[in-house]
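Only one chain is shown below, in structure tokens, and it's the form predicted alone.
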């Protein structure tokens, strides 16, 4: 593939790969290809393809383009990495965005969409309910973890991923699948997020990171390995971890000529 920089495997993380794309379409097309391959493999081996999707603005173009691809949506189950505790029709709702860009435009059964209930109650109640949904779907025994085929993540300017923010008590939770989170910025909505044990048990993790404003935190996570940044805790036990960057986000990485 032209105009793509692929960095070597990190010596401490043999299952990590970093790819920097010159053009957004290249990044998106690569991600669609990975989705298609993972889906086909999972359905052939296990009969289902399980995915946890992130919100935010970065994956919007990917979701829109993915909606035009002929895939086996009937055997695809979509979960949510994190959700703001707002009604479905709120402008900040992640699942609303996913419905508008992807889920509402493909032939996926409603029962295959596993969202966080945010219409009533409290965020902690929603987290327990969502955890119960995950346990029931994956038929988990007490203390067991789900093994998603794919988890799609983003990276915040402060190094957070999912809704796991710097300094949050949620960072060290190891006995829950989903938790409620109050962001450090009091003006932000409470959240429900899956936890690091769930993330790190996935078969595949894709990070989508774009824009020059992310370049510094990308370098801190990938090269400086700043352990104070939550995204640095994404270290899959057995699965594969792939960072997909545009040239602006990867501009400060060592050896970058872009």
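This is a predicted model, so every value here is computed, not measured. Residue numbers count along the first chain shown, from 1.
Below: the form predicted in complex with a small molecule, not depicted.
Novice: Can you check whether residue 96 is within 4.5 Å of the small molecule in the model of the complex, heavy atom basis?
Specialist: Answer no; every heavy atom of residue 96 is more than 4.5 Å from the small molecule in the model of the complex.
Novice: Even though the partner isn't displayed, in the model of the complex is residue 128 close enough to the small molecule, meaning a heavy atom within 4.5 Å?
Specialist: So residue 128 does not count as contacting the small molecule.
Novice: State yes or no: in the model of the complex, is some non-hydrogen atom of residue 84 no more than 4.5 angstroms from a non-hydrogen atom of the small molecule?
Specialist: Contact check for residue 84: yes, within 4.5 Å of the small molecule in the model of the complex.
Novice: So in the model of the complex, does residue 57 come within 4.5 Å of the small molecule, heavy atom to heavy atom?
Specialist: The answer is yes: residue 57 has a heavy atom within 4.5 Å of the small molecule.
Novice: Report the stretch among 67 to 75, 116 to 124, 159 to 167, 135 to 143 that approaches the small molecule in the model of the complex to within 4.5 Å, counting heavy atoms only.
Specialist: Among the candidates, contact is made by 159 to 167.
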